[in-house]
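One chain follows as C-alpha cells, the form predicted on its own.
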Amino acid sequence: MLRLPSFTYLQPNTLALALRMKADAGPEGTYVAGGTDLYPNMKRRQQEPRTVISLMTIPELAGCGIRDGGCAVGPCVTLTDLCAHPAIRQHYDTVAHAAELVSTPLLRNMGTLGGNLCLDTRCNYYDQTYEWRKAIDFCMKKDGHICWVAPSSPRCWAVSSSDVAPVMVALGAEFRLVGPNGERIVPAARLYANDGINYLTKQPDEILAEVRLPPADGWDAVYHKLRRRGSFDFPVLGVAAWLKWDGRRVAAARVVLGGVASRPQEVVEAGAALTGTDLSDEAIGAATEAAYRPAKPLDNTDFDLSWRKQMTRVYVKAALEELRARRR
C-alpha cells in the first residue's frame, strides 16, 4: 500500500491568508483543492511538499454565477457541482459535458474545476511508484535527466490530460490569478506552456482565483473524448471545437486538441479552414486534415501511436459534424 509522507496541513479562510502561508512555507509549500491529483502524486513521491495549504475553506473560491453577460466560476467548485449547476447546463453545456467525462463520480465529487485545469502532466514513465521509477532510472520530470519517451530530447514530453482545459481554450475563457504582487487576468491559452515539467505559466505562489466564461452569444461548442474505457481513464485524445456564427456562415472558429502535447494545442489552421464557410463537407475535410498534421502523439499514454494519430481525423470530423447538425 502506498502511503502519504508526513506534512503540515493548513486551512486558511481568505486568499490573503493563503498567500501568507505559502510565503512562509516557501518552495516546500503547495496549494491543494480536492487533492485527487496531488495526493496520489505524493504517495508515489512525485511531489513532496512539507506544507499543504487547502483552498477549499476559502468561500470566494467556491461560487458560480452569471456576471456581466458571462459566467464567473470559482476554481474550488467540484466537478459534480459544476456539471449540475443550472447556469452551466443552460449556457455552457460543453463545459458541463467535459466535466462529467472526468474520471468517476467518486472522484468528481472531490475533484475541482481548478484542479482539472492545473492537472499535472502525465507519462507512462512518470506515473509509477518510486521503486518502479528508480529501477529503470528516474526520468527528467522527477529526479532524473532523461526523457524516456524521447531520450535525445532536451525537454520533457509528459502530456496534458485535462478534459476541461481544451474546452476553456476553445471558448476563449479567462483566468484570474492572484499572487503576492497582486492579480492578473490571463487568457486560457496563455496559462499553458508546451513543456512537460513547466506546463503552467502560473507561478507556484499564485492562486487560480476565478474562471471567467465569455457571454453565451452566437457561438456553439462541443467536446469529444477518446479513452479505452467509458469512465475513469484520462483522455488519449480530446477534441474541443468552437464556432461563432454569422447567420449561416462561420464568423470564427477554434479547434483545440488535448492529450497530444504538454498543453492543450490549438490548431489555428483548422479554425482558418472553417472561417467564412457554411460548414460544408469540404470545409470540414480541410479542417480535419489541418488538425491531423500537427498531432504528434508519443509513447507516453495508451494505445498505438499511429492509431491515435489517425483518430485525430475521426474525432475532429465527428465534432464538427455535430456542430453542423445542431445548426440545421
Partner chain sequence: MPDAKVKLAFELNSEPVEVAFAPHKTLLEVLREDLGLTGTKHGCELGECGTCTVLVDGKPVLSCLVLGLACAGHRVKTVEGMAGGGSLHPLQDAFAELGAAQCGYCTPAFLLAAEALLGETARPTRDEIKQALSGNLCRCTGYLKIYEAVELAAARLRGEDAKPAPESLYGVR
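Positions refer to the first chain, counted from 1. Note that this is a predicted model, so its numbers are computed, not measured.
A second form of this protein, the form predicted in complex with the partner chain, is not displayed here; the remarks below concern that form.
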Exercise for the section: Using the partner position in the predicted complex, report whether T80 sits within 4.5 Å of the partner chain, counting heavy atoms only. Expected result: yes
Handout entry: 4.5 Å heavy atom contact, L2 to the partner chain in the predicted complex
Key = yes
Exercise for the section: Would you check, heavy atoms only and a 4.5 Å threshold, whether K141 touches the partner chain in the predicted complex? Expected result: no
Exercise for the section: Mark Y292 yes when one of its heavy atoms lies within 4.5 Å of a heavy atom of the partner chain in the predicted complex, and no otherwise. Expected result: no
Practice task
Establish, in the predicted complex, whether Y39, P105 and R108 all lie within 4.5 Å of the partner chain, using non-hydrogen atoms for the distance.
Solution key: yes
Exercise for the section: Heavy atom within 4.5 Å of the partner chain in the predicted complex: which of S231, Q90, N198, N181 fits that? Just give me the one. Expected result: S231
Exercise for the section: Heavy atoms, 4.5 Å, the partner chain in the predicted complex: which of 211-219, 97-105, 251-259, 182-190 makes the cut? Say which one. Expected result: 97-105
Problem - Partner contacts for 7-40, taking the partner chain in the predicted complex and a 4.5 Å heavy atom cut-off - result: F7, T8, Y9, Q11, G34, T36, Y39, P40
